[in-house]
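The chain below stands alone and is given in structure tokens; this is the form predicted alone.
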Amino acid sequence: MPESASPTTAQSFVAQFGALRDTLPGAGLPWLRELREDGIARFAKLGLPGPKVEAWKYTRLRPLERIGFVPAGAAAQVDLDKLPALLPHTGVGHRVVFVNGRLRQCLALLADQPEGVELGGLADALRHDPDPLAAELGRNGNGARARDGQPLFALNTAMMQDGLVLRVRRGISVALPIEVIYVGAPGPEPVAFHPRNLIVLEPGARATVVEHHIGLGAGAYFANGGTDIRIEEGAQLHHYKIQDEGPEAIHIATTHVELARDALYDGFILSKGARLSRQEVAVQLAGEGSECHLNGAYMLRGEQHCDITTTIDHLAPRTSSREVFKGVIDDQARAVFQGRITVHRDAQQSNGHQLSKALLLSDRAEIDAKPELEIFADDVKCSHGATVGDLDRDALFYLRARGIPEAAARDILIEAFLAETINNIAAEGLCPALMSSIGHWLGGTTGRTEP
């Protein structure tokens, strides 16, 4: 086990799996049992990642090492009618709620949803129709890079109990967004849960999924999520995620996306909650003409730590990717951006762009930015960059000279800085909700002067 890992913490998760293996959903399915056993074996071998693992060089899991988490039970009581929603009922086709990783409510808010949309929970699917899942779960997480660098995804594979399952059949277009609310509800003891999501869009299908991760209460919990996404020929998925976990939460999310010919993945992440969070997204542009938009924003204060790690592999000709992440970091918070675009030998005439920008509002705030390009083809167009700075003092002076108070002027500049990543979101009604969320965060952050 690596020296950087805590043997007690890693072994406790292995022991929890040993106690739960026969009661986990699908325990009687040979293929799933093998998948789980492989996952826990990989996790036991790798342990919790530390700075000696290149992909985790800037993120330490000390909070996870210091807290003894127990598996989340099914008894968490939450008033589902009072949960915050990003989209009004009139703008949502379905709303699905998970509490501590388990499905609690699946509401079809409109009766005229098209046939060919299969939506539900993983635990139910494993009980009633497990065969289609055998070819999908773990499909993209078993490559050499994932096996060596994603021990927490391996733990998720072993411990997964529930999660979203969405399949949109050939040629079906889901007109309204599907909103998925993930609730972390702390209990008397710190709890851990490992939701696993599966999204499959068949050829020509279209859908929008909005994830909203929230925490209730101030207690500690560990949300270790995994998502497998497959987008077939000509299909389009708009996938938006808002991470607003509780102040003592640890949020780790690993997403694998595979795109076929002429498919589109439009992804966005807004990260503002949790004591420690890591969003790891791995995209494979496997089909000619496939396209990926991967954008996001993060807002940190106090001693929060946020890690955005992305890999985009151009595997086929004429593929394109565009990636822009912007962040605002205050107090003693720390951000990490690691982005790698790899253009493989057969991916001629591909186009890749990557950009990271961060504003430091305090002289104690910190960001580690590591943009990378690996190019093995000779007919490509690629660029990458990273900038870090303070607010533009000339722009601040311009606003103040026109009678705008300093605190309000700072808010205007920060909001404009972050808005660029949000304005291109296609889901109707989501942009105002996200801008309101930014405004709420700014109200508690920038009304002071710099030390």
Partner chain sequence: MDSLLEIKNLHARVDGKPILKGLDLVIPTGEVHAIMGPNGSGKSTLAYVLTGRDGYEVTEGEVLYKGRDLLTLTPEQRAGEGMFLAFQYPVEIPGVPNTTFLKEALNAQRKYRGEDPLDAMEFVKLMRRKTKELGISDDLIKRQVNVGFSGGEKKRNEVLQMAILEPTLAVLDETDSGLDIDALKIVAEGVNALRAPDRSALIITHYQRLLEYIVPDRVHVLAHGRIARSGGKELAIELERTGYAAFAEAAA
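Residue numbers count along the first chain shown, from 1. All figures in this text were calculated on a predicted structure; none of them were measured in a lab.
If you look for the form predicted in complex with the partner chain, you will not find it shown, but the lines that follow are about it.
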(message) Only one of 411 to 419, 63 to 71, 27 to 35, 42 to 50 has heavy atoms within 4.5 Å of the partner chain in the model of the complex; I'd like to know which.
(response) 411 to 419
(request) Consider residue 384 of the chain shown here, and say whether it contacts the partner chain in the model of the complex, taking contact as heavy atoms within 4.5 Å. (result) no
(message) My question is simply whether residue 394 lines the interface with the partner chain in the model of the complex - judged by any non-hydrogen atom within 4.5 Å.
(response) yes
(request) Spell out, yes or no, whether the shortest heavy atom distance between residue 404 and the partner chain in the model of the complex is within 4.5 Å. (result) yes
(request) May I ask you to check whether residue 400 falls inside a 4.5 Å heavy atom distance of the partner chain in the model of the complex? (result) yes
